[in-house]
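What follows is a single chain, given as structure tokens, in the form predicted alone.
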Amino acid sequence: MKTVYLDHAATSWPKPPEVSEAMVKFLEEVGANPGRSAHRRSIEAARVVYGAREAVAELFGVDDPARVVFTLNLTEALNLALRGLLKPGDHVITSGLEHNAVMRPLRALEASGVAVTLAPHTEEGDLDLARLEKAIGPDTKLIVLNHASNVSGVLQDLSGVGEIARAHGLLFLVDSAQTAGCLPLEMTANGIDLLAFTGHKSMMGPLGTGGLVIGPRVDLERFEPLVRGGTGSRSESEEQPVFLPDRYESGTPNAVGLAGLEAGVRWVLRQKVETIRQHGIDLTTRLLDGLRHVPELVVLGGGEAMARVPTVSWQLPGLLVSDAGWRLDEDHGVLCRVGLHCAPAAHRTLGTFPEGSVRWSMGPFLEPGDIDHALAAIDTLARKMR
């Protein structure tokens, strides 16, 4: 049976072959702790980590690779930014389409005295910029948004929000989980001060890689580290270094993972993000056109393919999303995700809480025939229900 992997919003698969090759090479030929010793293998390991830093900086149009701070994943990067910047009495604005990687840290901070406002959306999931700006008050310090919903795939107007943040002297934190690597994204052009990224999705790297890019408007003296410890630098001091990236990178890094991340990002850069984006638009257009021929089916979020990443969530009334996912896998080899996608706020906004939806998310190695196979599968499910 043909298998079609439609779960790229969770993690991309397959990876470019260069990714596993780079990781095996590191394990077999380098293997040392980066920056902790002066011998040749430790120095080479440090070069590998810096190479990943350079690749990520190039992807996001950042001049200084030292501003790329590596973390275990995007969730840790968001926690670093939110918990390091917000103090009791501060006010933060977010949206009703956020992942729990944003909402859970914010709810914990709210319990300790940070005020949280959810900016309103339309039913289609578009952010109301005018009402967002009206929510800004004297204690507002930060706006945090995802670039694209991990549920509907709908894109947010980053440049519009960035302009509002600049006009009011606020910092702007962006969750790029669904866009980094598959959509052109530059910090300066979009007014972004902090960009949280994950390596294992469209950046084509392995699990366990991610980070935070810190812009020049961020006051490092007021930005507390999430973790303190050994950095391989200033070892004579028991105080945390104050310079980037060491201030926010304590402990031995996932060097083998970062070797794979560099290979993944270099692959993306060679393919060109614009080319990957167009491929995603083509696949999404084909998918949306096909889904329109299933009259019972409800697609979440408005807009055509240009207004979203290659992610489409849907419901088929009368069919539980859990049953749909099981039947798609068992009978048709279509692998996807169902449920709330760790984003209950988004499903409440979109009116699909508590059941959730079926999510189909596409990647760069999929072809039109794969989309046709998935469409035939949903057509079969719908026919059986009539």
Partner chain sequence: MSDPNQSVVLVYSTSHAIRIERLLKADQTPCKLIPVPRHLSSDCGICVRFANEDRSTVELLLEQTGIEVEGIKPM
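All of these numbers come straight from a predicted model, not from anything done at the bench. Numbering follows the first chain given and starts at 1.
Keep in mind that the form predicted together with its partner chain is missing from the display, and what follows is about it.
Is Glu58 part of the interface with its partner chain in the predicted bound form - any heavy atom within 4.5 Å? Flag for Glu58 set to no.
With a 4.5 Å heavy atom cut-off, would you call Ala46 a contact of its partner chain in the predicted bound form? Ala46: contacts its partner chain in the predicted bound form.
Would Arg359 sit within 4.5 Å of its partner chain in the predicted bound form, counting heavy atoms only? Close contact is absent here: in the predicted bound form, Arg359 is far from its partner chain, nothing within 4.5 Å, heavy atoms only.
Mark Tyr50 yes when one of its heavy atoms lies within 4.5 Å of a heavy atom of its partner chain in the predicted bound form, and no otherwise. Yes, contact at 4.5 Å.
Which residue, Ala66, Leu320, Leu27, Leu335, has a heavy atom that falls within 4.5 Å of its partner chain in the predicted bound form? Flagged contact: Ala66.
In the predicted bound form, the one of Arg41, Arg36, Arg348, Arg327 near its partner chain [non-hydrogen atom within 4.5 angstroms]: Here the answer is residue option Arg36.
Counting only non-hydrogen atoms, which stretch in 245-253, 131-139, 204-212, 82-90 is within 4.5 Å of its partner chain in the predicted bound form? In short, 245-253.
Site check Glu54, Gly232 and Ser235: each within 4.5 Å of its partner chain in the predicted bound form by heavy atom: Every residue of the candidate spot has a heavy atom within 4.5 Å of its partner chain in the predicted bound form.
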